[in-house]
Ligand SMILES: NC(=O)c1ccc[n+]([C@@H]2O[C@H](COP(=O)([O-])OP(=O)(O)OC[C@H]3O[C@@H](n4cnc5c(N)ncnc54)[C@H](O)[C@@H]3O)[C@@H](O)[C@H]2O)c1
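Before any questions on how it binds or moves, here is one chain, the form predicted alone, in structure tokens.
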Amino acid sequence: MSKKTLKIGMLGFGSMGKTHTFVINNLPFFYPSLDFSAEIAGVCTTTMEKSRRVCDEYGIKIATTNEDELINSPDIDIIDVCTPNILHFDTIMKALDAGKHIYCEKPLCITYEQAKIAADKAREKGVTCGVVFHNRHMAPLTRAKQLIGEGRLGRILSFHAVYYHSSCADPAKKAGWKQNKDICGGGVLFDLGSHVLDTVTYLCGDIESVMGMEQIAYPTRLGMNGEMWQTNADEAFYMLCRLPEGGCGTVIASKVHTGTNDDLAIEVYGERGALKYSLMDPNWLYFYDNTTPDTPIGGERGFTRIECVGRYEAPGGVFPSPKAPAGWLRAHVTSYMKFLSAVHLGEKFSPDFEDGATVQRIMEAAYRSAELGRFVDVGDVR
């Protein structure tokens, strides 16, 4: 009996479109026993020259500059949205009207109102929709979620989560589209902050209220066209957060942290234990068990380094070896596999559009707080 092939329409082909294509083309290496297969059946970019080149290089059949051609095609099962943020909402609504499953890059939309409409409609349509918050699929964060779910941390008292890049630290470097609010819809809070906030809510639960402060380190810099340009979006964003049960924490997203690369990290402190994780040290989760007996000299108290490396639940962990070091791409592979499996089985995927809307709501509250100069309740954003 032949496997069902899920056919994907890829919208946009920048770095993330290329990443998703790598994942789809190499999925059988990582998950050889799946009872379905997937292929990218068509790609849409802004020019036919680029679309045809992508098709030639990656073996894709349909090249187009009109996303409706893929959205309305009866041969396409899934729409993969890798376009700039301001385009997401209209594309999502058309794809939902066409009954397509959707895999959308973060952030889901540029306002909470848009995100809620999209989430509500996705639920009504009964299709599988997901947001690419792939970091939660890192093996150490999966293990962290398990430990928290088992009650090993107890009530969460505090957390500290950061995502640092240095891509805006050089004022002589030209701005990209993700630094332009007219295209991105926001600044670093949308780009990196959405990942941090998904990680926090994944591990710690709902955020009740926030206090935000944005920073533009370089008010003028070279624009995308090489001419001097007025920076119009936050280059760093700082947040204080309150949890419903009294826990407090901080979130920082920044592209002006000199010397950093892709530095996502989180620390969570509870009554019974604590966790630490860093994307730059991705093979390990650090766990402190506060219930372990202590003695004046010795005892077993202290952070334990848990090796997570390439260990994923079945049917993962086959290729490369479970002992192989972890990597950024591996989390994308797991994320996309779980999404495709949900589509194949007619199940929900997590993180879904409702999760995306939750993150959108927190970010909107943070921007509102930065403007008002006070704490804002996330529930007040409607």
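All values derive from a computational prediction rather than experimental measurement. We number the residues from 1 along the sequence you see.
Another form, the form predicted together with the ligand, is not on view; read the next lines as being about it.
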- request: May I ask you to state whether Ser209 is within 4.5 Å of the ligand in the predicted bound form, using heavy atom distances?
  value: no
Touches the ligand in the predicted bound form: Trp177 (any heavy atom, 4.5 Å): yes
message: Quick check on His88: any heavy atom within 4.5 Å of the ligand in the predicted bound form?
response: yes
- request: Answer with yes or no whether Val132 is in contact with the ligand in the predicted bound form, where contact means some heavy atom within 4.5 Å.
  value: yes
- prompt: Does every residue of Tyr164, Ala236 and Ile252 put a non-hydrogen atom within 4.5 angstroms of the ligand in the predicted bound form?
  reply: no
query: Since the chain is shown here on its own, which stretch among 55-63, 27-35, 41-49, 342-350 would lie within 4.5 Å of the ligand in the predicted bound form, judged by heavy atoms?
result: 41-49
- prompt: Among Gly223, Gly154, Pro84, Gly205, which has any heavy atom within 4.5 Å of the ligand in the predicted bound form?
  reply: Pro84
field: Among the candidates His137, Lys116, Lys106, Lys276, the residue which, in the predicted bound form, approaches the ligand to within 4.5 Å (heavy atoms)
entry: Lys106
task: Output the sequence-ordered list of residues from 180-197 with at least one heavy atom within 4.5 Å of the ligand in the predicted bound form.
output: Asp191, His195
